Every structure is written in structure tokens, then in C-alpha cells.
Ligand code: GN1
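A single chain, nothing else alongside it, follows as C-alpha cells in the form predicted on its own.
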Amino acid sequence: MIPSIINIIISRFDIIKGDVDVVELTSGLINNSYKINISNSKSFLLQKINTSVFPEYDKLMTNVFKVSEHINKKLKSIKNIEYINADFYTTIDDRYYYKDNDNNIWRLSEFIENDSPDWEDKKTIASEAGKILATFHFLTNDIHTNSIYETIPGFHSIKLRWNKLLSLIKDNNSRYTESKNIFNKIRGFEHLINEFDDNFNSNSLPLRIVHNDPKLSNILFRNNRAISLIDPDTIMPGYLPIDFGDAIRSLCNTADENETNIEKVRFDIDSFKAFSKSYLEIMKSFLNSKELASLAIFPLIISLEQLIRFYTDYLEGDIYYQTNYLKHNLNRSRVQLKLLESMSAYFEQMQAFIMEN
């Protein structure tokens, strides 16, 4: 993407004009992202939305603007909340996104500067992550769920993902035949799928606004303090234990999800406790008894879901997640499997800690 084309795109948004410096950001797995530095102005984040992953981009951007505007209003009315909410910008014709001549969908938001936290101070990072997710849940707790679109139906339906995986288990799929051991180990956790269904079929978990992707890489830090939860593409009506479980899955792995040395992967119970304590200090009074009782099991459920997603993408030929080498998604699957195995050994401790705090 050359700067002249970027200039054309950002000229369609209602922002300050000036000389443009473009920096491509490569950390994301789904959208193409660029940091836009404009002379005599602040920096912006320009993103090309992956419409293969997000075909309901109009509803997605409606959600993004509604939630962002709600958070901004609430931040103005309540003092002493440490949270930076990125502003999103409309186009010059007052649209939420710009569609170019090739039908690419672009959006523009404020770029929030952040720095890398002290990764050696794991308990502080975990505590801050718990605080920022709880703050997001608090800020969005009074949004009516019927005003927010479900842009990806069944996004966290682990049963649907499990059935899709089963449809790919064929002996004529060479990727499956060489990795059968992964599938066989996944089957050992099939009971978690039933646990997921039991939680939702009981109708005792209230529908709320959830982020659906609160992984550690979507939390921004400054001076070792969490300041924002970004990447709002998957904000939809859902269930708080899903966000809690996904955050734990990401945060409490002693290795990165792209780690190739499986021996480095294990579940960090101390980080789980630090995260949970901070989260509950803000949100416990808002949770009903079923939500509270479900928090500990959902890190296992969401770890299994992510394992199924990585392995399914591998069997399908790497069509969803960006990969850097041939067996990238297979290695991601192995990491999630090792994390799930390690996490399972701590489940009773996790449940006891949640109920005691």
C-alpha cells in the first residue's frame, strides 16, 4: 500500500489534512492496519476490514460507533475511571466507513499510543488486564442488547465449530492423516462442549454486551498500567463468562500462542488469581450467581474452542488466520492443547478462588 493511495483514502474522512507518514502494522491476524502520522496533528489508525471474515461490515461499524459513543458519554459522567476510548471518525459524507473502487472497506480511528509493559511482572500485568476487562464490562453494562447487532451468528457456538471440525475429519485429507493425534486428544475434552450447552440451555446467563476477543494483545498499556481494550470488531450481545474465559486463555499461558517450543507452555495459576481478583473487585456486584459459578469453567471451554478453531483452519488450508509458515496453525493447535491440558489440572483451584473472592 503506497502512501499516495493512503492519501486518497484518508481524504475521504473528516480529519485534519497535512503531510502523511504511513507505517504498516503487522501484529494483527485479520485486518490490514496502518498507523497514519499527519503533520501538526495526532496519529490515526486506518484499517481495511477483512470482509471475508466480517461480511456484515455495515452492522459491525454501526455497533462500533454505538458502543464507542456510549462509552464516551459514560466516561464524561463518571469520574475516576481509568480508561481511554478510541474515537472513530466518519467520512466526509457522514458514513461510518469508506468503500473504495475495489469494494474494500476502510475505517479510521484515533491511534492510542502505548508501550510494552514489564512482562517479567506477570502479576501486575494480569491484575491490570482484569481491571481493564471489568471496566469495559462496567462501561457497557447498561447498553440494551437489542440495540447491538449480532454480526457473526454463532460466533461462540462451540457445538457449531465442533460439527464443522467433524466434517473435515476425512482420510483423504492429508493434513488430517498426519495430525490424527491432535484430533484424538481433542476428543478427550468433548465433555466441555456439553458443559457449554448446559450453561446456555438453562437460560440463566443474562445476555450482555461483550467484546468477544479480549486477548492480551488487544489490551494497551502505558507505564505498566492497562489503559484500553481495543479491536472492537467482535463486540456483540453475549455472555460475560466467555470474555472472562478468553482473557484467561490468552493471559495465563506462560508462552505465546505462536510458540513452537511446546515445553514452554503451561497454565499460570498465579496470573489467573491476580486477573480474577481485579475483575471481581469491579464486576462481582453486577454478576448473577450463575455467571459467578461459570467463570472458572469458561477458560477451559474457550481454550477448547480456540484449539478447535486453529485446528479447523489448518485442515481447511489456512483460510481464516494469517500464517507465516506451512504448519503455523498446527503449531498453534498444539499450544492450545498443551494449555488446556495444563489448565484442567488447576480447575478445582480456579473454582475455589472465584467463589472465595
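Since this is a predicted model, take the numbers as computed values, not measurements. The first residue of the sequence shown is number 1, and the count goes up from there.
A second form of this protein, the form predicted in complex with the named molecule, is not displayed here; the remarks below concern that form.
Using a 4.5 Å cutoff between non-hydrogen atoms, residue 294 does not count as a contact of the named molecule in the predicted bound form. When contacts are judged by a 4.5 Å heavy atom cut-off, residue 91 does not count as touching the named molecule in the predicted bound form. Within 4.5 Å of some heavy atom of the named molecule in the predicted bound form lies at least one heavy atom of residue 309. Interface residue remark: residue 131 is not counted as part of the site for the named molecule in the predicted bound form, having no heavy atom within 4.5 Å. Here the chain stands by itself, but in the predicted bound form one stretch of 49 to 57, 323 to 331, 34 to 42, 64 to 72, 49 to 57, has heavy atoms within 4.5 Å of the named molecule. When you look in the predicted bound form, the only residue of 195, 259, 213, 110 with a non-hydrogen atom within 4.5 Å of the named molecule is 213. Contact with the named molecule in the predicted bound form, judged by any heavy atom within 4.5 Å, is made by just one of 278, 234, 179, 85: 234.
Along 246 to 271, these residues reach a heavy atom to within 4.5 Å of the named molecule in the predicted bound form: 246, 249, 257.
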